[in-house]
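Heads up, the chain below is alone and in the form predicted alone; it's given as structure tokens.
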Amino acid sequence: MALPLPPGLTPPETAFLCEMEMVTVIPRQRLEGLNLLGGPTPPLHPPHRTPLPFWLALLLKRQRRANILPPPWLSPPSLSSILDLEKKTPSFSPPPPLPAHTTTSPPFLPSATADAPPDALPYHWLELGEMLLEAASDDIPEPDNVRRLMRDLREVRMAKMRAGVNVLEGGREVNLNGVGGMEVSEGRAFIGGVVDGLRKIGASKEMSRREREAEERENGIGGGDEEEDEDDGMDT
């Protein structure tokens, strides 16, 4: 019997969607454009920069036909600045601003190209950074430092997510503005477990309250009868 699918996107599915992001490549040889389902890709002419889907850029990188330009936010100065902001504020760092006169929204923004803003983490920052470090670490300046900063950012932001669920007990909402796709996928089980636990606690408290009120009503009625019996005995 097939097991039920978990709600929402799993981490592998989120990483698969990340491969549709647009990145910037520097071709190492001339290649004609391809007719893809999402539209034709531009021809590659070294050394001109060209935007390509991430999955295609990874394929060309593994074939040594192109180098991938990391987005500006995937650099030690930018990651250090974002990490300092994350440590200073209880909220998450703001996502990249929406481009003017656009009908698209995250995660379908050009937030991983060479023209992306340097001071904001996009929706797929975690999975895109990890895949770039794995497949194109030679294209990233100071890859070991970048890897360390990304690990620190992940720990700080996950700690914020865990701390944020404390407001659920008071009936308030968790503010997840600026949280990335992989962070949501990884934290869904934890947050969902907390919500289910709070629901069970609330149901148990409600049941205890009703039982206590019923017991108090019964004791009140019994106490009134005893007082009436005592008064009747004193009159006789």
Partner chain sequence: MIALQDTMATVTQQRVRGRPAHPSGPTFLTYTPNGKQLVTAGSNNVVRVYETGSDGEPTNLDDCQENNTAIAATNDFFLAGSEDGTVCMYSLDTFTYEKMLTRCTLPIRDIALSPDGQWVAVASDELEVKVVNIADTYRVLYLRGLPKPAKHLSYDPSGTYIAASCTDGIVYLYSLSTEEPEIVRKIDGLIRTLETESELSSRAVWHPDGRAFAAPTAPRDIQVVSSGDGERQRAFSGGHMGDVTALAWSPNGALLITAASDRKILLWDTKTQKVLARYDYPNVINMAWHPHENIVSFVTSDGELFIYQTFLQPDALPLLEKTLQPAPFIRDPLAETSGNSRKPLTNGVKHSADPRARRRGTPDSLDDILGPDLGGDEDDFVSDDDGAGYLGEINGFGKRSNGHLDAIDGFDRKRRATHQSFQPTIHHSFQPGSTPWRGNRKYLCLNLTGFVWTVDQDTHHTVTVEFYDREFHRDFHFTDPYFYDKACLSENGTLFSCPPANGTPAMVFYRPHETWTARADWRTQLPAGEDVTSISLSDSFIVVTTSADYVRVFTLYGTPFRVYRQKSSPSVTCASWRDYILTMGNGPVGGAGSTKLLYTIENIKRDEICQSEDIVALTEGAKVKSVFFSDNGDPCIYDSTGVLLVLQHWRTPGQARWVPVLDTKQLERLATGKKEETYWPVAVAQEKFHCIILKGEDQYPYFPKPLLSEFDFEIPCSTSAPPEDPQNPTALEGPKLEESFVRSSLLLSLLEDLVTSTNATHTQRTELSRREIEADKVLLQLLNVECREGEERGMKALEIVGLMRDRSGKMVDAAGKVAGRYGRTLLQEKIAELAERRLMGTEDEE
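Computed from a prediction, not measured in an experiment: that's the story for all the values here. Positions refer to the first chain, counted from 1.
Heads up, the form predicted together with its partner chain isn't pictured, but that's what we're talking about next.
Participant: Would G178 sit within 4.5 Å of its partner chain in the predicted bound form, counting heavy atoms only?
Facilitator: No, G178 is distant from the partner.
Participant: Using a 4.5 Å heavy atom cut-off, state whether P27 contacts its partner chain in the predicted bound form.
Facilitator: Because a heavy atom of P27 falls inside 4.5 Å of its partner chain in the predicted bound form, the answer is yes.
Participant: Considering non-hydrogen atoms and a 4.5 Å limit, does its partner chain approach P46 in the predicted bound form?
Facilitator: Yes - in the predicted bound form, heavy atoms of P46 and its partner chain come within 4.5 Å of each other.
Participant: In the predicted bound form, is there a heavy atom of its partner chain that lies within 4.5 Å of any heavy atom of L56, even though the partner is absent here?
Facilitator: Outside the cut-off, so no.
Participant: Heavy atom within 4.5 Å of its partner chain in the predicted bound form: which residues of 49-76 meet that condition, in order?
Facilitator: Stretch hits, in order: R49, R64, L69.
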